[in-house]
Structures are given as structure tokens and as C-alpha cells.
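In the form predicted on its own, a lone chain appears below as C-alpha cells.
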């Protein structure tokens, strides 16, 4: 298992140790070409000039690169849930005994789950992979999870995984979906000296170190040391 916040903090600490400056609460609203070899990144009342930019803005990528990605990427809301073990069953779902799993149901749906880890959320994390996806307004409030979504999920896994209570806690996350549910890692055709990645569709985080290395090579050397043709924008 990867703990997202712990991993993210490790990335940031490593970047700062290597000389990076990190700015919080200052979203980039536009990227503009400033001559042949320079870019300007603009925000609310500020701007920065640079030679090259790596853009990994998740669901906001279509706003920054509308020509490249506006018709391809779809930010979508997906619910995830945590289920508590029934009385006396908690040891059965603890790490070391209960595995990470993928379960394909009779209708072809894919359910994933992770063991209970100490007191994080207090339960077993389970969700449908790329099901219950709905379009989301990034500027509006995050829609809450629905009881019928949790019930459908429980009915999908309970025959194979008894021992979890039907009641669940949930939250809505955002997946940035591509048409083939795979990554896009490429140079922008819209703005010179920009490389970008949409390492998304619900399964990108675990690949972040490798994709980050590839993007750095693309920005510095013009290309990655490995073949990324399968992830090119041209396939669309």
C-alpha cells in the first residue's frame, strides 16, 4: 500500500533538498509563450518567466492546455468507501492477514480493496474501479457520496467477502479520465517548451516517481530515456 499524503510529503522534501522552491495557494491561471525560448506562467497578480515548464495539473490541465487536451480529458467524480468489520471480525481484515485485492464480479465490474491499517479511516477501503463516474464541476462543491452507491458496492463484494458491515463512510474523489483510461505523457503542440502528463484515470499515483523522471528528461534533454510512444497525445 502507498499512503498518498506520506508519499507526497516525501516527494516535496526531496525536491526542496535538491533546490526547489515550493509555492502554495498560488494557482497558475495561464501559460504563455514569450518569444522563441521563454515562457511566462501567470497567476492572480503574479507572473514568472522560465525556459521550460512541466505541467501536471490533474483535472485542471484542459484549462491550461485547451487546444491539446480540452476535447480529450474529462474530470469526473467517483465515490470511495470505508467499511467497518463486524464485531469480532477486525483481525480478519488487518494488514498481514487480509490482502490487497481486485475482484471481478459477474457483470464485469471490478472491485478493489485494501486491508484495515491501524486507525486510518477506521475501516477497510473498498471501491469500484471506474464505475459510478459522473461529470464534475471543478468550481462547485464536491458532490457527496450517495447511499445507493455504497449499497451497490456492498452487494457486489459481500458474497465473496463476508464480515463487513453494510454501513459505510465515503467521500467523493476526482478522476481525470482519458478515452482509453491510460496516461498521456507528451510535449505540448500548443505551447513550445511545455511538457505535460495526465497520469490519471484513477491509477496514476503509484507511477509518479517514474513519470516524474521521464518528464524531467523530456524537459531537460528533449526526450525520455525510455519509449513513451504508447502514451503520446497523437494516439487520439
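Positions refer to the first chain, counted from 1. Here the structure is a predicted model, which is why all the values come from computation and not from measurement.
What comes next is about the form predicted in complex with a small molecule, which does not appear here.
Although the partner is absent from this view, residue 170 stays clear of the small molecule in the predicted bound form, with no non-hydrogen atom inside 4.5 angstroms. Within this chain, residue 52 is remote from the site of the small molecule in the predicted bound form, having no heavy atom within 4.5 Å.
The small molecule is not drawn, but in the predicted bound form it has a heavy atom within 4.5 Å of residue 27. Residue contact check for residue 117: none of its heavy atoms lie within 4.5 Å of the small molecule in the predicted bound form.
Contact with the small molecule in the predicted bound form, defined as any heavy atom within 4.5 Å, is confined among 65-73, 186-194, 171-179, 32-40 to 171-179.
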